[in-house]
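Only one chain comes next, encoded as structure tokens, the form predicted alone.
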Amino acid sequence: MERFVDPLVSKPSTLRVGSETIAFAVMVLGLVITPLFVYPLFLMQAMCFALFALAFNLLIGYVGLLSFGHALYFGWASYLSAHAAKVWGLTPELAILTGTLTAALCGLGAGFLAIRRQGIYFAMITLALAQMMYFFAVQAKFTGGEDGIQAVPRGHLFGLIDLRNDTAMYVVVLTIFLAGFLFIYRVIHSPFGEVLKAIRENETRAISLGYKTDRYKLVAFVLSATLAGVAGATKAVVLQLASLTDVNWPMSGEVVLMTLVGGLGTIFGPVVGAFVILAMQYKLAFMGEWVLVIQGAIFVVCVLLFRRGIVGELAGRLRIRL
């Protein structure tokens, strides 16, 4: 019999809450201490991609919708954030907000079209929309074409904190990442999140209970796109660069890989997956294009042998939920 979660009855267990609290404390402690041993710029980039993967996981892991076009929201938020900071002269918080709003609007438009279909048709629509916006980015003058938008000024946060200092920038990125993480955690453990899980398990039954599933899926889609935009906009300020790489389809594939490697449908999995994939890219950079081959091999191994990902397998062996 197919399992179905009643959104009005389901409650988080004490064991799960306790294990998640401990895991969150360990994660925060690690992110606070790690800059003493690891290059802060790498950690900031990894946190941006971890937030991106968390946003993607909200859609596929808790609603069951596979998007192949999430680079659209990440990349265009990056472009608008960089343009707002460099050309319009906005402060970093306003530049990030500009990119976030751009992603939210793109998500609203794309979601309105995509959620009318399911399965592979949904995935292909998201991919097609993302590629349309990619080709627009290639032609648009303000994006800089192949060169992108470079030398984006970090500026002063609220006119007070100089973000050219890596320590100050790191604290800001850490704050944004943790705020995004906690927001997603609250969403998936709220009554709204329980309805999303019910839709994932059996949409027909959710409809029979009186839930307007299309509305829930659209809200989840927009939330996912918006959080992906926060990640992209922050990344542009951190790396002082927005390029075609951010909006091209391999970026959409990369976030899928991060989520699957870390653990699909787990709150900590995308974070672990993002750090693992980014670390691998840095360590194996000398191998050039062979890095993509290795990533593909890891993807195949995860799908065949470790379908629950790193966190999923670890939680399964310890009999806890993360």
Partner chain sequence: MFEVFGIPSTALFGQLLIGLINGSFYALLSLGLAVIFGMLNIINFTHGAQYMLGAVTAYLLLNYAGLGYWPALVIAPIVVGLLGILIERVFLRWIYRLDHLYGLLLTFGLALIIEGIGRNYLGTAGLPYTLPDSLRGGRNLGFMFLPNYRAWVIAASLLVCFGTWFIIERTRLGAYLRAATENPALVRAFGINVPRMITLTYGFGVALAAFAGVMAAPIYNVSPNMGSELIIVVFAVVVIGGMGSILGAIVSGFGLGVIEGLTKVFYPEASNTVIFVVMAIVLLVRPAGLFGRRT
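Residue numbers count along the first chain shown, from 1. In this text the structure is predicted, and so the values were computed from the model without any measurement.
The discussion below concerns the form predicted together with its partner chain, not included here.
*Asks:* May I ask whether C48, V172 and A279 each come within 4.5 Å of its partner chain in the predicted complex, counting any non-hydrogen atom?
*Replies:* Not a single listed residue reaches its partner chain in the predicted complex, so no.
*Asks:* According to a 4.5 angstroms non-hydrogen atom cut-off, is F158 in contact with its partner chain in the predicted complex?
*Replies:* No - in the predicted complex, heavy atoms of F158 and its partner chain never come within 4.5 Å of each other.
*Asks:* Do V303 and its partner chain share at least one heavy atom pair within 4.5 Å in the predicted complex?
*Replies:* Taking the distances in the predicted complex, the answer for V303 is yes, it comes within 4.5 Å of its partner chain.
*Asks:* Flag M132 as yes or no: does it have a non-hydrogen atom within 4.5 angstroms of any non-hydrogen atom of its partner chain in the predicted complex?
*Replies:* Within the cut-off, so yes.
*Asks:* Using heavy atoms and a 4.5 Å limit, would one call M124 a contact residue for its partner chain in the predicted complex?
*Replies:* Taking the distances in the predicted complex, the answer for M124 is yes, it comes within 4.5 Å of its partner chain.
*Asks:* Which of K212, R116, R186, R164 has a heavy atom within 4.5 Å of its partner chain in the predicted complex?
*Replies:* Contact residue from the list: R116.
*Asks:* So its partner chain isn't shown here. In the predicted complex, which residue out of F268, F68, Y62, F275 has a non-hydrogen atom within 4.5 Å of it?
*Replies:* The option sitting close enough to the partner is F68.
*Asks:* Using a 4.5 Å heavy atom cut-off, which of 187-195, 248-256, 226-234, 79-87 contacts its partner chain in the predicted complex?
*Replies:* Every other range fails; the passing one is 248-256.
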